[in-house]
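Before any questions on how it binds or moves, here is one chain, the form predicted on its own, in structure tokens.
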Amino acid sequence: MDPFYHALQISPKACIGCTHCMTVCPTNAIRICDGLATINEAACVDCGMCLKNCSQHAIFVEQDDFNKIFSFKHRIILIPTVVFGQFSDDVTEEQIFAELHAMGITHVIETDQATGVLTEAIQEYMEKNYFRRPFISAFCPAIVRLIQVRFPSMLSHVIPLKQALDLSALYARKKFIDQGVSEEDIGVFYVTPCAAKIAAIKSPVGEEKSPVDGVINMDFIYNKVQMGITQHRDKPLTPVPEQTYLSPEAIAWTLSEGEVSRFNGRCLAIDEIHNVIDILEKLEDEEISEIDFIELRACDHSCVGGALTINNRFLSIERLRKRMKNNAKNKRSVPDDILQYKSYLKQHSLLSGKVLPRSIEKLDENILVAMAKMEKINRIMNFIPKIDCGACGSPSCRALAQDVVQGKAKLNQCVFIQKVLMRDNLMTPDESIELSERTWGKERFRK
């Protein structure tokens, strides 16, 4: 199975091995070695918790070169409605659309205008597959990956449909091809509020290839648009023909409860990845039942809390709700023709492949050897303190025990074990320091 693509990267020059990222990682994907944080790519789900909590700004998100978009004659940018929540109230939608065009983009499409089609497709899928309840939304790619690596037994409940991002990209391509435009001339780029969407585009789950050609970070676009608005403040505004006025339901889609509000039955909306893990554990253990639909989002308050957003999530929510009220009050609706492509989009909404489990790390391919290793882990747990101090460079005592069994760490990395060995004259203070230097780096002990 091909490895995950990961957008999150660590800068060795900036990292000081402070453990902030390690302690918040929901999949225990981070270790400290030689004074630097390292990421276990098999365990990382690109949720962005490490990025948000890095005090040294040592973790960053890779993005495509913006100039890549100029390789195409028809330069289409897909933007989630969250983008509009980043700007202050005195910045109009018209200004944002105009500045995107001024940057060289030929067409701007809001991804959330595809949510109406997606809602119908989800409803039809749930009606045909009622026995698979509870249905789990595939909206958040970080959550899908989380289920793959930590809750594989729940994969059959994940709705195997493309999301609004993919449908809007398919719509854009089909629309221009129908107009006689060569497919090679069409470039579709997405403005992302998070790292997980980048990973989902670069290595999509359940698909061989994404219909999106590239990804641009939201903070980059925000700064470019804001700069343009400042520079062009005194110039007349150029109208943009394809500007959309989404329905309140479409605008709300990326907010918490944006999906559950569309469906009947007992529906739950959970945001923030640690809360999601708690719910998934309860579902897996059958502590809760009789659920019809579950909306799960990795970020706090969903996409407005994404790692690449600019402004306070609560203020962003307020601005988006104002937009919802204005569009409802003025009875604005989408003037575009996406509904003309509803049949086409629904026909192509099902994932072409299966969403398969991804083991973080098997103890061994041989079940008997794996059971023996698990027994060894349990024995090790009887000797270490179980206080999860992180001084060994692992996020928890159990993580250290697993690393020891897999040959990736030594039990004497535990500072408590070191003290016992020193007490019994089985280790010298110099040997203890040397072990700690391997975890935290020599420089830290020279200060």
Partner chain sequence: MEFNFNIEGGNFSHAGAASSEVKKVLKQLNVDVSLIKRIVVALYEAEVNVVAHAYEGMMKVVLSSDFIEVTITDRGPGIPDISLAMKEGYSTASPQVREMGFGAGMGLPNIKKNCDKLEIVSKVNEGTTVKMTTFFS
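Here the structure is a predicted model, which is why all the values come from computation and not from measurement. Numbering follows the first chain given and starts at 1.
Beyond the structure shown, there is the form predicted together with its partner chain, which is absent from this document and is the topic of what follows.
Three-residue candidate spot 152, 284 and 370; every residue lies within 4.5 angstroms of its partner chain in the predicted complex by at least one non-hydrogen atom. In the predicted complex, residue 120 stays away from its partner chain, with no heavy atom inside 4.5 Å. In the predicted complex, residue 402 approaches its partner chain with a heavy atom inside 4.5 Å. At a distance threshold of 4.5 angstroms between non-hydrogen atoms, residue 365 is in contact with its partner chain in the predicted complex. Interface membership of residue 378, defined by any non-hydrogen atom within 4.5 Å of its partner chain in the predicted complex, is confirmed. For the candidate set 224, 266, 348, 157, a heavy atom within 4.5 Å of its partner chain in the predicted complex is found for exactly one residue, namely 157. 374 is the sole member of 229, 374, 324, 102 with a non-hydrogen atom within 4.5 Å of its partner chain in the predicted complex. Residues within 4.5 angstroms of its partner chain in the predicted complex, judged by any non-hydrogen atom, belong to 284-292 and to none of the other stretches in 194-202, 256-264, 284-292, 86-94.
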